[in-house]
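Next up is one chain by itself, shown in structure tokens, the form predicted alone.
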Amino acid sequence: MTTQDVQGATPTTRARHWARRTHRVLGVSAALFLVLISASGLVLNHADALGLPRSAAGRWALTLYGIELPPIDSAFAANEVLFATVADTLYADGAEIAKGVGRLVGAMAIDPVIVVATADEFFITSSAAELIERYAPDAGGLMRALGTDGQRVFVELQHGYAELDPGQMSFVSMDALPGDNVQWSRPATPGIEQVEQLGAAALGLAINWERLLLDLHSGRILPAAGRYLADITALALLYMCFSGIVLWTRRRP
């Protein structure tokens, strides 16, 4: 049927032609959305088996949701393990160790343990960074730095120094260091992957693949536009149902 034929046709014929064209266009558009809904729903049915609740979607997902990674307060490395504090929580290579933790002042590997210190606490971990002991000594002031001479652990205080025995969990103050060969722990600079790992850990994997697919499935992944897109698709499907019935009952002569 040409354009001229449609213009010269009866109102019923023109309405049927318009319904046929819109039915086709809306059908293709809605089909794309339905493929997305069907595929995401199929994957969500097996979310646990696929490990989606335990898999972070990545930093790009945080950007999609408009969420910024929480800042790293402090970081030190010992025995190739990155110890860092984010939102008052201590992490070792992204694994949570303890909550309610202040800024770190150092981390030292003293075989067979690792000593991590804040201004008022010690955290003794295994060489694999598993927490063994949390110890808050009566230091008589804040601790400023953590060091070692290779065998013993020393702490710089506001006034003087102290020696920590990780095995006996003893803390002895002293006026001066026993020698000048003490190496002090220095802050570490986390890499991009470590920053993302710590951010995901601090957020508790809030943006995991299961949540991402759920929001994609429901249209909530784009807060306002997503809902409107889902509404438009639903209306399009309703229109296709009615226009399809009309086209079927009023076949072309």
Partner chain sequence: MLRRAAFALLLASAVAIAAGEAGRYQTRAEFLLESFGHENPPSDVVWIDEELRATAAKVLGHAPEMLRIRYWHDGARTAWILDEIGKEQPITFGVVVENAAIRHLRVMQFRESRGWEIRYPFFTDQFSQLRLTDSGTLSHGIDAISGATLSVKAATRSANFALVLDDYARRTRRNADNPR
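Positions refer to the first chain, counted from 1. A quick note: this is a predicted structure, and the numbers were derived from the prediction, not measured.
The following text describes the form predicted together with the partner chain, which does not appear among the structures shown.
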(Q) Partner absent here, but in the model of the complex, which of 144 to 152, 69 to 77, 172 to 180, 159 to 167 has residues with a heavy atom within 4.5 Å of the partner chain? (A) 159 to 167
(Q) Although the partner isn't part of this model, could you tell me whether residue 100 comes within 4.5 Å of the partner chain in the model of the complex, counting any heavy atom of the residue? (A) yes
Q: With heavy atoms only and a cut-off of 4.5 Å, decide whether residue 111 touches the partner chain in the model of the complex.
A: no
Q. Going by a heavy atom distance of 4.5 Å, is residue 137 a contact of the partner chain in the model of the complex?
A. yes
Q | Close approach of residue 132 to the partner chain in the model of the complex, 4.5 Å, heavy atom | A | yes
